[in-house]
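We begin with a single chain expressed as structure tokens, specifically the form predicted on its own.
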Amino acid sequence: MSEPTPAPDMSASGTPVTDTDTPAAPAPGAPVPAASTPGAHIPAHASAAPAYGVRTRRVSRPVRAALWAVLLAVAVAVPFYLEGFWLQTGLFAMAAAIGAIGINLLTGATGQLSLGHAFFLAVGAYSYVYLSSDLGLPTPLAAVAAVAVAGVSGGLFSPIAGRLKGAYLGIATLALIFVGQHILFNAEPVTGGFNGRPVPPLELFGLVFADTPELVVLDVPFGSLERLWFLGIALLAGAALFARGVLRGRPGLAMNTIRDHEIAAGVMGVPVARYRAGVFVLSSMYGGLAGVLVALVFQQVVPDYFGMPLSLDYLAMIVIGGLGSVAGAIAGAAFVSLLPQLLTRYSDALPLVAEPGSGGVSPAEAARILYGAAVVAVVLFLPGGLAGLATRLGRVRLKELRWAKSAPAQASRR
């Protein structure tokens, strides 16, 4: 009689354990597999890192949501407590942030240098005035059409933008500034010439974004700046979310590949020229939207504002804030746009800064010197800009939290 076959061993889960579960000894002279080395195979339950990572994400989501809720509450409460100067300064910063997001998509994410961003702001601002005042379009439709006109202007230049790169594209876009300035100063029937043109207020769903008719909310009179404040928040949030979606999706991956490895992008099938042209059009539309918001806040469009210094300011914004980052573009725009206003406001209390028109270093010149020094400091010490600095600080804080969480466990094992 033959011996009975022994029953297979059963694991705790009820699964039969066979000999194949135990790795066989390697033959003499054969290379030792990586899995057979001590510590190479660690059960999933024995590693604390995944569990801690999941716990960290679960904790960070409510914290992040709470931070956004607090930020939104502060932004909504601002018009009820701050005076007109701060509201106007904040609105200019919002407009600058929208334009900075657009040029960051082009320069920071795709690696295309542009020195003509101010031209597209001028196209958006003057198109809104002309379409609403001369052609009589409803102001919301005129604003949307002005952004479209800026995109069409970028589309006309996009064949050049799709084929040039680096300094060559920068020089080509520089020509847009000179052409734009010539048109703005000489096409007086459309642009108003040197004195510019007044901007008609936006009227949306029966609400006029002007000082009249009078509007009182919670015993606080809401003029044009208070009303435009909420419009600026909505436009900036929409522009930031859209750009973030672009950068995190497949277009963003293709843009970054073009920036870092253009030849590799072409080999992988990315249409390089088409992407460059498309991003240039998108950046132009962002500039047009920023121009419309600037016109609504300033209530007067003048050619001098849309010159070469404005384009250089936008390059400084994305370098200081962080190339290729939406949050960095917003931070850099706030820094560059708020600094001249603050220096002008407190010029009498600051050393080496003279009041405008009194000689010495004016607030505008002092601001350019300061954020010029900031650009140099960022290039030398903070390649990632303000956004990179925030990321570093966040990583340091995360390491501290991990160390604090793991220290008691290690002590208990001892």
Partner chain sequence: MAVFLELLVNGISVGAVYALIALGFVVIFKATEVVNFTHASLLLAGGYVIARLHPLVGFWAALAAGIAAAALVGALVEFLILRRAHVGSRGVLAIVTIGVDILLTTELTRQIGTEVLALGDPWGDRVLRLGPVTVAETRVVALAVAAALIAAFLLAFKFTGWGVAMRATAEDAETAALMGVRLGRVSLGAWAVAGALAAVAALFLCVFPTPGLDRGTTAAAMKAFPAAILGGLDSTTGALAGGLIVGVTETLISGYQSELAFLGRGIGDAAPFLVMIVILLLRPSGLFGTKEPVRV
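Since we're looking at a predicted model, the values are computed, not measured. Numbering follows the first chain given and starts at 1.
The following text describes the form predicted in complex with the partner chain, which does not appear among the structures shown.
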When the partner chain is placed as it is in the predicted complex, are K165, G266 and I369 each within 4.5 Å of it, taking any non-hydrogen atom of the residue?
yes
is_contact(V375, the partner chain) in the predicted complex, heavy atom dist at most 4.5 Å:
yes
4.5 angstroms heavy atom contact with the partner chain in the predicted complex for A66
no
Decide whether T110 counts as a contact residue for the partner chain in the predicted complex under a heavy atom distance cut-off of 4.5 Å.
no
Using heavy atoms and a 4.5 Å limit, would one call V361 a contact residue for the partner chain in the predicted complex?
yes
Tell me, which of I160, L338, V76, V302 has a heavy atom within 4.5 angstroms of the partner chain in the predicted complex?
I160
State the residue from L247, V297, L315, L131 whose non-hydrogen atoms include one within 4.5 Å of the partner chain in the predicted complex.
L315
TL;DR on 142-150, 182-190, 282-290, 85-93: the one with heavy atoms within 4.5 Å of the partner chain in the predicted complex is 182-190
Where, within 319-339, is there a heavy atom within 4.5 Å of the partner chain in the predicted complex? Residue list please.
V319, L323
